[in-house]
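Just one chain follows, in the form predicted alone, and it is written as structure tokens.
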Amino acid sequence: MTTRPSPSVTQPTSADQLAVRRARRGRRVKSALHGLGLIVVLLCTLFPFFWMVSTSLKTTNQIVAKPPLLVFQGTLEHYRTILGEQYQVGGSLVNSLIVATSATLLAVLLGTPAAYALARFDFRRKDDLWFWFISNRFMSPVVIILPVYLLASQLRLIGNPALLIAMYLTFSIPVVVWICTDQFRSIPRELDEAAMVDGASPGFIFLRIALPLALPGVVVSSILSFIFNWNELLFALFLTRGDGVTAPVRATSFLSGYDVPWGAIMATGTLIVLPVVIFSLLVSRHLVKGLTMGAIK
């Protein structure tokens, strides 16, 4: 006896099944291409770091070997060389840490009140002031380096770390103001109004209510400012001398004459990049949170 399907149940036709298979195949191909693209981007991003670190661990003969050696016995010879009396990279790293940290702290200290004022208060020429902060980031440092150098030479400030910190503030404060203004704007004004009804002063509202709520943005602006200050080369190259040079400037001092010490250069580059990479990995969660906080209303 043959059982016929109930007329109330719709059976998938061959065309529907074919469409479902095509859709599944399309999703699989899309996922495969997406994964392949991520792998390519990951390889392109990590390969320079891998090449720099691996070269810093090779001997001079291994560095110039052809074809390049991917498996070798590592050595710390180049690190001992650059940290010695000849190159003094350790002192340059300390200089970079002092200058970058000082400029970042001052930028946050001066930039967050300015950002709060731009986000909360209405005053004359407010839009012009906002554009002035933003336009500082539009300006290329090479445009002003010559007049700054001539003025610093006349005032005998070349080699003074305070001058380098001041110049970094001109580029770090706009970053803090730019990011923190959006963070303060995302905080409801009703919180400020409720605090004012309870008798709180503007300073108390800023320090005890607005600033803690905008902390992710403050952290992000601090991270970006520190990275910019740590990696900056142009101003440090013109405005520092002798034992006061920063690590990027010290790295350029290897490029002289016909003998290029690739191992020392790569070891110096590794020591410059490594603190920033570790610091970025540790605060990556706060970085993503702060950057996306103002994106969703």
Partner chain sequence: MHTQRRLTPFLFLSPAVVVLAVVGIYPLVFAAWVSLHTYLLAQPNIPRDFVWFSNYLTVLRDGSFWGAIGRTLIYLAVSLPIQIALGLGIALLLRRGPWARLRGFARVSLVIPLAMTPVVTGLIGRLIFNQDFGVVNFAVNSVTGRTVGIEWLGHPTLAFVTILLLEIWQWTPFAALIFLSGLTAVPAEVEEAATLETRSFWAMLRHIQLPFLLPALTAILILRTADILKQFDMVYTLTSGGPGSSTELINLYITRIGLRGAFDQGVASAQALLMLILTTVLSRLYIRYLYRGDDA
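Residue numbers count along the first chain shown, from 1. Keep in mind that what you see is a predicted model, and the values were worked out from it rather than measured. If you superpose the two forms and keep the largest set of C-alpha atoms that fall within 1.5 Å, you have the rigid core.
What comes next is about the form predicted together with its partner chain, which does not appear here.
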Heavy atom contact within 4.5 Å of its partner chain in the predicted complex, the stretch among 211 to 219, 82 to 90, 146 to 154, 97 to 105 | 146 to 154
Non-hydrogen atom contact L118 with its partner chain in the predicted complex at 4.5 angstroms | yes
Does any heavy atom of A19 come within 4.5 Å of a heavy atom of its partner chain in the predicted complex?
-> no
So in the predicted complex, does any heavy atom of D127 sit within 4.5 Å of its partner chain?
-> yes
Could you tell me if M139 has a non-hydrogen atom within 4.5 Å of its partner chain in the predicted complex?
-> yes
Fitting the rigid core first, would the Cα of N61 be found 2 Å or more away between this form and the one not shown?
-> no
Cα displacement of L70 between this form and the one not shown reaching 2 Å, rigid core superposed | no
Core-superposed comparison between this form and the one not shown, R27 Cα displacement 2 Å or beyond = yes
